[in-house]
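Next up is one chain by itself, shown in structure tokens, the form predicted alone.
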Amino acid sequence: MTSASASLSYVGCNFLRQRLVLSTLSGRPVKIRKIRAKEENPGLRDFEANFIRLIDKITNGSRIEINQTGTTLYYQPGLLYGGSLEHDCSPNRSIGYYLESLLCLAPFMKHPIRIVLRGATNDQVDPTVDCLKATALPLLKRFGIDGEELELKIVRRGMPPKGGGEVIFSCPVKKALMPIQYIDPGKIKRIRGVAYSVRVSPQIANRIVDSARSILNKFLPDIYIHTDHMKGTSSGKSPGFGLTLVAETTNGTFLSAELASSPQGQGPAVLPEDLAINCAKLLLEEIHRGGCVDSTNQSLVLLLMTLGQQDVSKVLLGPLSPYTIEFLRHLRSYFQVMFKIESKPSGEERKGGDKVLMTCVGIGFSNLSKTVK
């Protein structure tokens, strides 16, 4: 974590969050040039600038320099501080965009973080708060990050474009992470879900549940989809509805799929029945891809394995997403960690898509910000 370590240089706006998060954890400064330099509207977008402000809030002593056009960003990370915070997220991206990065950083703060995030809780682009609550939190617990402080609570729901939602995320700090051997996903034993609707008829959530069950009941009897209809001030500022489904296995693996309606006045209107059927099919596809971690959280599990104690960690994943592949390249740049990747073709007895066994030795990352009592 020496500040004198060599800075890294990148070109373009892709994977901005990955680069800033890994820079913060490794202590290596990063310079990103030519951010949308050739576009009519060059430079950082509103939601990216908002994300940089959030990083600035949770760290102490970070140095951030952005040129006038917003096309060059220099970031020298400070120490992760944490504490009690509030942040208004950009309406252009949902709270999940910010939460994904917070989940990576929260265990390594100086003080346990408790942050109130305001904005859109569910949209069509980023993982929704429901999905991260159901899949990412159990994943953190496998690495020994648990306790009553680990919580993600939806106070108000908000749909794009106006948002108006609010969530509270709190996470304890850890001195070191446990290594994991997570290579048997188990068999699907139950499916849980949330059908939510805000500022529309409560009947829509029931229609979603009936349609989703019409497909999933052919495979499994233990299905419970909870309807969540928030009223008044809890329902945000824009109408919308959606569905999050989570399949749980006998070994405590969670695989998720989700869909949300188009924002008001944008895109084609979608029927609740169609949305539910498509979401159920997406879940079946995610189950087919398989692995011990769903495609949303692949990068999170690989990061926590990298930062674990100096011991071997293994995890079985489904096909790697393009985002995860780039993340592996970044892990090599920032931490000099290389994963051993073994492909496990799906044989006769192993149903589903081809799997990948990821193995690495942790770097023994110690939380230097945490004071020893």
Partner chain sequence: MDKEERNSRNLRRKVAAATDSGNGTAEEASASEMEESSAEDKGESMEDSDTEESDGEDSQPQCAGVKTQESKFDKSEDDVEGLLKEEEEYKEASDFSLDTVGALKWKEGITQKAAEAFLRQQQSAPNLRKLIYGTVAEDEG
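Positions refer to the first chain, counted from 1. Here the structure is a predicted model, which is why all the values come from computation and not from measurement.
This next part talks about the form predicted in complex with the partner chain, which is not shown.
Notebook entry, point to check: Which pick from Lys314, Arg45, Arg33, Arg332 sits with a heavy atom within 4.5 Å of the partner chain in the predicted bound form?
Noted result: Only one option qualifies, and that one is Arg332.
Next item on the list: Identify, from the list Val361, Leu16, Leu22, Val356, the residue with a heavy atom within 4.5 Å of the partner chain in the predicted bound form.
Entry: It is Val356 that has a heavy atom within 4.5 Å of the partner.
Item checked: Stretch in contact in the predicted bound form with the partner chain, which is absent here, among 51-59, 324-332, 35-43, 65-73 (heavy atoms within 4.5 Å) -> One stretch meets the cut-off, namely 324-332.
Note to self: Does any part of Gln310 reach within 4.5 Å of the partner chain in the predicted bound form? Heavy atoms only, please.
What the structure shows: Contact check for Gln310: no, nothing within 4.5 Å of the partner chain in the predicted bound form.
Check: Relative to the partner chain in the predicted bound form, which residues of 321-346 have a heavy atom no more than 4.5 Å away?
Finding: Ile325, Leu328, Arg329, Arg332, Val337, Met338, Phe339, Lys340, Ile341, Ser343, in sequence order.
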